[in-house]
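In structure tokens, the next block holds one chain alone, the form predicted on its own.
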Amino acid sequence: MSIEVEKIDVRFGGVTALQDVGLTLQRGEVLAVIGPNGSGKSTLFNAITGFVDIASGSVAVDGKDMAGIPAASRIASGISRTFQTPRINPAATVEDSVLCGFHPHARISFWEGLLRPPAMSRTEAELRRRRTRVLEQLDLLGFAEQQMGELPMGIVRMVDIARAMAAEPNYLLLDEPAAGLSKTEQNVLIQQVRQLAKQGVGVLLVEHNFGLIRRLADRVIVLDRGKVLLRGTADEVSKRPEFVTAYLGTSVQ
């Protein structure tokens, strides 16, 4: 069971954002995609989740071709994601924002809710229990009643991750999740990603923090100018001169 990306190209007008890019994300592993700004990392996420069209190649989830399946419907295939810039309602509370993540699992229809109020009440109570559990896991209970617009960006990112986790995905795509997080928050993030992987969730991670990548990723793919430059473990790729060059000549600690 895996996400299979095979030889995809993505073009924006005359600009090729991705060329002949492929990857396999197995359930239970953490795969990191790294590269300098403009290398195509977020475009790759958007191609997998249906936010941009691919010009050629294919994306399949557990053997099912995603061609023609819109972004909103890919949740049903077991994919959940965060965005580099979290998409939030600043007036919503943290607990309500996370509760929205359970929407794919709310099985009570309008008519069932109208005609069977006890069934709706039981469903709502269960979703609230599960929301509390997710908030606890990410140390967010203390912020539960605060509005999203009142929070620092580090906490907003953690709420965005909590909302993605609430969908109970088979594959979780995290776009720059550690940006703006404190060391303590990063440690919570690392712990939760490891736990998700142990539970069989495949995690695809775009991240600039290479120290975090070293601690988390089973494998690493390096993108440069829309093409795959290197593949391997974090230790393996960090020793390659191509990797150092792609990062503008800076050494990696």
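In case it trips you up, residue 1 is the first one in the sequence shown, and so on. Remember, it's a predicted structure, so these values are computed and weren't measured experimentally.
Below: the form predicted in complex with a small molecule, not depicted.
Candidate site formed by D62, G78 and G200: none of these residues places a non-hydrogen atom within 4.5 angstroms of the small molecule in the predicted complex. Contact with the small molecule in the predicted complex, defined as any heavy atom within 4.5 Å, is confined among 211-219, 188-196, 32-40, 66-74 to 32-40. The shortest heavy atom separation between A17 and the small molecule in the predicted complex is within 4.5 Å. Contact between E95 and the small molecule in the predicted complex is not found at the 4.5 Å heavy atom cutoff.
With a 4.5 Å cutoff on heavy atoms, N89 does not count as touching the small molecule in the predicted complex; it lies far away. Contact check for Q147: no non-hydrogen atom falls within 4.5 Å of the small molecule in the predicted complex.
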